[in-house]
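Here's a solo chain for you in structure tokens, the form predicted alone.
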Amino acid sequence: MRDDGHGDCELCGLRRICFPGRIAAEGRSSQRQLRIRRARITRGTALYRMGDRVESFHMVRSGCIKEIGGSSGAADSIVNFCVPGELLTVQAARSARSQTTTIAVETSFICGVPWRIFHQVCAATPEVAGEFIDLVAKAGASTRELLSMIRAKGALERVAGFLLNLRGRMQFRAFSERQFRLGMSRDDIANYLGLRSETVSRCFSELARRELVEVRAKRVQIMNPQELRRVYSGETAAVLE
């Protein structure tokens, strides 16, 4: 991991939703106290792997990080995607060995805060701990929503739910509620949803045919969110032609 230095969180558009940014925005002394590390992770590079000791918690600043429930290889299951403003899965509130492998699906920038320093700050400023608990709870809720979505759903319903979930997460973080960048590949989406890559591609084509979404390269625009919700809920025919 390359350390790009501290930088100025006050200039970051994520500072109102990013834990390190909020604390840093209170003053430069807070930023120095937290010793926020910034790093650029190139596409396909691991931030850390299963079994590595993780000394910090990390927030995605830009790009997308996938978390894999295994040590390496395409056969492992993707258990989570983290998009800008989201916290990578926290497995222990201290230094611990990771239970997942985290890999950038596109070039990404992350912020990291060492656990040792974080504990010192929490002791001095209890509201910091409350902020962190809120972030962990929100991250867990998004993951649970997607996992429950997968159960007993057809392919088109899963893809529709996946897009709606991402749209909601982006909207919560003040990004465009209709258009967003889909950094992950069709193979990664298929792995995560328990589908074949060809099926995911057909689902995107079908949703585009129905004029519910528009896909241009990595950009996805939700054209009709209400109808997309109906597809996800099974209220409309989900049979692929």
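Just so it is clear, the structure is predicted and the values come from calculations on it, not from any experiment. The numbering used is simple: start at 1 and walk along the sequence shown.
Omitted here: the form predicted in complex with the DNA. The next part is about that form.
* To do: May I ask you to choose, among Lys66, Arg37, Arg40, Arg186, the residue with a heavy atom within 4.5 Å of the DNA in the predicted complex?
  => Going through each option in turn, the one that passes is Arg186.
* Of the residues Thr199, Ser56, Ser62, Asn191, which one places a heavy atom within 4.5 Å of the DNA in the predicted complex? -> Flagged contact: Thr199.
* To do: Kindly confirm or deny that Ala155, Leu195 and Lys218 each have some heavy atom within 4.5 angstroms of the DNA in the predicted complex.
  => So, yes: the whole triplet contacts the DNA.
* Gln179, heavy atom within 4.5 angstroms of the DNA in the predicted complex -> It does not: once the DNA is placed as it appears in the predicted complex, Gln179 has no heavy atom within 4.5 Å of it.
* To do: Using the partner position in the predicted complex, report whether Thr45 sits within 4.5 Å of the DNA, counting heavy atoms only.
  => It does not: once the DNA is placed as it appears in the predicted complex, Thr45 has no heavy atom within 4.5 Å of it.
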